[in-house]
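Read the single chain below, which is given as structure tokens and is the form predicted alone.
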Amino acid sequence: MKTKVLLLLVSAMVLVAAATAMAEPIVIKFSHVVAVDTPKGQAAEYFKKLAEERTNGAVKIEVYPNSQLYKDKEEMEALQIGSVQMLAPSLAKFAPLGVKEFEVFDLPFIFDGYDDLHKVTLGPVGKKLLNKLEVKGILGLAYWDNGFKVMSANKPLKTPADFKGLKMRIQSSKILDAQMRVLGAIPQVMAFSEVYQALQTGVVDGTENPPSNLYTQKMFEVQKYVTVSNHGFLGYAVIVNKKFWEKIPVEIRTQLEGAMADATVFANSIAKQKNQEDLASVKASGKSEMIVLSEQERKVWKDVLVKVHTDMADRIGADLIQEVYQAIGVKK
């Protein structure tokens, strides 16, 4: 009798333990380096909301903005070793990982606007690039827009000659390095979280950013001039640790993929508007003088910077550059 009671007790304990284990949510740590009120920050919060609702709490998304967990130089390794499960790094971050093809997005003036861009990010060329991450233990889920970049400095930047000798902060990208050198500037690779102080103290003279980053990180407060050049695109790829993702039950994974698809529509829909609003806020602050390039002035920049396309063809792949040209209907 005692044995039977003991067995019943043990069975009950096992069932309770199993139920408790089943009740524990799958935790996904989502780390990023920008502010909550940027397009990426808002999209990450929206994905969290959708994912937790659609999985009925089976998944918990913990979002860590503003480099709270890792700086942009550290986060990729953290993903690969499983310290975080989800990131949305800028596309330039994949070249140091060994996937140099992503630097095609850094080429100056390769896209004339969001319509051109989406023909690539939402089409077969974009998918082909994401697939290249799998050998690195990473799955690419989506591309998220940020926006087209402006230049800032403590002197007016109206012509390529105005860049001569300036120390300009860039992300770690050979393409952006080449871009600044073609302009006559001295590129300085620096973590995003360090840029404000570097601008404030004169360690660097200027930088390039979409308006949302320029505004939310208060860089405009320490830059006298902002040139609306729209010369390059800054976007992100939402990525996950491949082993972790594939261990998630298929039904839940499908719900998460649906949430990501809807979060991507949301992210891309707010990016343009947010950048326009933040550019207006920078102008209204009176701290930075706004320079808007005319079509003729922009053409001068474009004619100078197209050299980067040819100089970097061997690095990125001439065939890939042509695929992008073809996707957007440009003959070069």
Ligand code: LMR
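Quick note: we count residues from 1 along the sequence shown, nothing fancier. Quantities reported herein were computed from a predicted structural model and do not represent experimental measurements.
As for the form predicted in complex with (2S)-2-hydroxybutanedioic acid, it is not shown, yet the points below apply to it.
Heavy atoms within 4.5 Å of (2S)-2-hydroxybutanedioic acid in the predicted bound form map, among the stretches 53-61, 31-39, 273-281, 260-268, onto 31-39 alone. Three-residue candidate spot 72, 93 and 169; every residue lies within 4.5 angstroms of (2S)-2-hydroxybutanedioic acid in the predicted bound form by at least one non-hydrogen atom. For the chain shown alone, residue 213 is a contact residue for (2S)-2-hydroxybutanedioic acid in the predicted bound form, at least one non-hydrogen atom being within 4.5 angstroms. Taking the partner from elsewhere, residue 233 is found to have every heavy atom lying beyond 4.5 Å of (2S)-2-hydroxybutanedioic acid in the predicted bound form. Though the partner is left out of this view, residue 225 does not reach within 4.5 Å of (2S)-2-hydroxybutanedioic acid in the predicted bound form, counting heavy atoms only.
For residue 109, no non-hydrogen atom is located within 4.5 Å of (2S)-2-hydroxybutanedioic acid in the predicted bound form, even though that partner is not displayed. In terms of contact with (2S)-2-hydroxybutanedioic acid in the predicted bound form, the residue from 121, 209, 241, 173 that brings a heavy atom within 4.5 Å is 209. If you take 180-196 and check each residue for a heavy atom within 4.5 Å of (2S)-2-hydroxybutanedioic acid in the predicted bound form, you get just 192.
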